[in-house]
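Below sits a lone chain in structure tokens, taken as the form predicted alone.
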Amino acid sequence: MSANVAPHYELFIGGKETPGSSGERRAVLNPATNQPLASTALAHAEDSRHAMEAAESAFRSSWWATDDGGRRGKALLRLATLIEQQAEEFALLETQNMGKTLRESRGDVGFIVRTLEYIAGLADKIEGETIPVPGPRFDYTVREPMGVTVHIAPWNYPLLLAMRSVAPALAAGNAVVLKPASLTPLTALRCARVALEAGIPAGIFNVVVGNGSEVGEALVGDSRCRSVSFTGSGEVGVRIAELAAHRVIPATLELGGKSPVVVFPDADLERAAKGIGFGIFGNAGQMCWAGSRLIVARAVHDELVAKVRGIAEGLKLGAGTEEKSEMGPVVSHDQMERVLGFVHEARDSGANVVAGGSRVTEGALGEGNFVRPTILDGVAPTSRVVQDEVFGPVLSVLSFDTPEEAVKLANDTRFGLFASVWTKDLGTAHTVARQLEAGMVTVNEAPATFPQTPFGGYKESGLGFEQGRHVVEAYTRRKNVLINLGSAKPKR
């Protein structure tokens, strides 16, 4: 099964497919085979400036920013409809480019459609307020689009995480420049063309593909950039924050996590095991909110680990395009080596490899980047595999005896994106949820989110939030207007 993948892709600037200024191209690989899938134009700083210029021009000259939101909402709804009509093509393209299973890619496309539908409904609900002030004065606020917003997306959910910030920026009336990850740019480039078909004016949605160190910095450093949204590593996020601070522009940063899954002795272990498996082996563990730390009550440790081991060893690995595949490859050979490096270091330090712990070397899968679902027990809370984001299908297991110890272990990380609690006791659920240092907590639920629920973290997991009904306001500026109505009339 294959998508209709074009052999060559250009940048998308000003409503047109645009070759890069240097003529350089980059091969895009299929991670299931490490064979070339297509090639894309490779942008440089000059192309970044071209994209920003096109976006600024469209923002100033088109109807997009001056509309009351009604036409923008309709255009976003048309985009949602067109993507839904082409859902299978988008899913196949995402799977071939990134490696995740078709089931997962189809779910991603469905989430994108629902996000666009939800955000479209907010486009004409960007409202100000009147404020009582002394004397014969009238005071009110208005919200205005910022101008050109920059969006730097990661490779693990290439289009979904891009549209999570692009959609509200568009709804607010901004022009956007999107830089997808160089490894996985194909669905973003396709989406920009579809957006033009949906009625979004040329130049309002631009896509450039290039190295973050050059293209990303050029975009954020451009004087026309009024806001930046970034999802990715903490190291790069800090650099983005520095650039944004230098220019005094807002930055929304989602920088990953090391999410705990806390299982109390009264939990439904069958359900918990399934949720744990989904939360760490889904998308081959390449999730910012992957439940990578299992913190389990010692009384049920052996039983639960055995159940999760059964899930890990029962998963069918294979190319994402194969309908029976349950876990695909990691995105690249370098990422595979990075993940296995964590595993080997943990094993050498005394961890017990309960399941997995190696790559697949046999048969056709040996040509790809397949890491077996891995469970590490007996790891030290201070070890690198417990403290750092692995971004692969690797679960570290820790045990606790008291709720206080569980919370301490869960919070013992510089991250704070997501946490999960499994218990049948309502008091425990509420108490522990309040004590966990995380922007999102689920109870008796695997990682789950919706377009209407805020997505953001504490500590080094980032700044700001995505999703929810207030997200469109984050891409506006608030202006206060005070009018003196003249001298007060004398009282009779």
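Residue numbers run from 1 along the displayed sequence. Since the structure is predicted, the reported quantities are computational estimates derived from the model, not experimental observations.
We do not show the form predicted together with a small molecule, though everything after this point is about it.
Highlighted residues Gln85, Lys100 and Glu322: none comes within 4.5 Å of the small molecule in the model of the complex, counting any heavy atom. This chain lacks the partner; the member of Met327, Leu255, Ile112, Cys191 within 4.5 angstroms of the small molecule in the model of the complex by a non-hydrogen atom is Leu255. The listed set Thr402, Ser223, Ser213, Thr130 contains one residue whose heavy atoms approach the small molecule in the model of the complex to within 4.5 Å, identified as Ser213. Shown alone here, Asp302 lies farther than 4.5 Å from the small molecule in the model of the complex, counting heavy atoms only. When contacts are judged by a 4.5 Å heavy atom cut-off, Glu337 does not count as touching the small molecule in the model of the complex. Among residues of the shown chain, Phe418 is not one whose heavy atoms approach the small molecule to within 4.5 Å in the model of the complex. The closest heavy atom approach of Phe230 to the small molecule in the model of the complex falls within 4.5 Å. Checking 75-83, 312-320, 204-212, 260-268 against the small molecule in the model of the complex, the stretch whose residues place heavy atoms within 4.5 Å of it is 204-212.
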